[in-house]
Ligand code: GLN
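First, one chain by itself: the form predicted alone, in C-alpha cells.
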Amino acid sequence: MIKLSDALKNIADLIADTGADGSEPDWIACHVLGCGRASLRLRREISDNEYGEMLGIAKERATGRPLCQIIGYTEFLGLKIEVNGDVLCPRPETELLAEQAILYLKNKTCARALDLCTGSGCIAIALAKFTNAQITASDVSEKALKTARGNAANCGAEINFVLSDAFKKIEGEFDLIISNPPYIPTADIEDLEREVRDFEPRIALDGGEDGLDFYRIIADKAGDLIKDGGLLLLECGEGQAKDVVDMLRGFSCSIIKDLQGIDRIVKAVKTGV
C-alpha cells in the first residue's frame, strides 16, 4: 500500500515537464480508482497495483501525449466524450461556447442548429442533450465523424451527421450556427505545446496563413443559412475576435471573454442589413 498523497506528488513530478494542468494527477487517480474528484480525498491509501497503473499513465503522459487520449475520454459539460488522435481534445473555452448556444436554444421550439467542424461531436451532443433543437453536425474528416457518431450513440444523442467541406453539402436554414474551426496560423503550429503539435490532428488546427481562412468562409456563407434574428457563435484564437467581427456583414456582433479574460467568442445576431 502507498499513501495517496505520496502517489499524487510522484505523478505530479513525473509530468511536470509537460506543462500539464495541476489537476491532472487527480484525474489520473480518479480514472484508476473509479471515483470522482470530490470523493478522491476520502482515500488515504491505494494498492500497489493501483499505483502501478497510475504510474503507467503518468509515464505515457510524460511523452507529451494528452491525458484524454491516454485514458480515451474526457468530460464536456458533464458528458463523457471519447477522444483519440483523430479529433481535438475538448477544452474549457469550447464549453463556454456551447453554453452560449444552450442558453439561446433551450426555450425555443422546433429550432434547428448546425455545428460546423464538429470534431469529437462534443458541442453537437451537448446541444442535443440539453435542448430540444434538431441538430446537424458536419466535418470534412471521415475519421472525426466516426468518432463523433460513436460519442453521440454512447450519449444517447440524436444528431444528423454530414460529411462536408465547410458548407458544401449543408442544406436548409438554421436558427443557430456554431463552430470551433481551425484557427492556428500555419507558421505558429510548430511552436505549439508538444501535446498539441505532435498528437492532435493538424487538419483541426491549421487555419491558414493568418489563422482566419475558415472565418472568411463562414462570413461569406453563414448569412445565407441563418434565419433572420438567428445566431452565429464562433470560438476564436487570441487576438482574432475583432478581425472576425469585421468580416461579418448583416450581423450585430458582440465579443465574450473566456475565464482568462481573452476575447474568445464572437456572438453575432443576423439582422439582414
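Worth saying up front: this structure is predicted, and the values here are computed from it rather than measured. Numbers follow the displayed sequence, beginning with 1.
There is another form of this protein, the form predicted in complex with the named molecule, and it is not shown here; the text below is about that form.
- 117 is the sole member of 177, 117, 133, 126 with a non-hydrogen atom lying within 4.5 angstroms of the named molecule in the predicted complex.
- Proximity to the named molecule in the predicted complex, taken as a non-hydrogen atom within 4.5 angstroms, holds for one residue of 58, 68, 241, 204, which is 204.
- In the predicted complex, every residue of the candidate spot (88, 94 and 181) has a heavy atom lying within 4.5 Å of the named molecule.
- None of the heavy atoms of residue 137 is located within 4.5 Å of the named molecule in the predicted complex.
- Not displayed here, the named molecule is kept clear of residue 148 by more than 4.5 Å at the level of heavy atoms in the predicted complex.
- Of the candidate stretches 151-159, 168-176, 181-189, 105-113, only 181-189 has residues with heavy atoms within 4.5 Å of the named molecule in the predicted complex.
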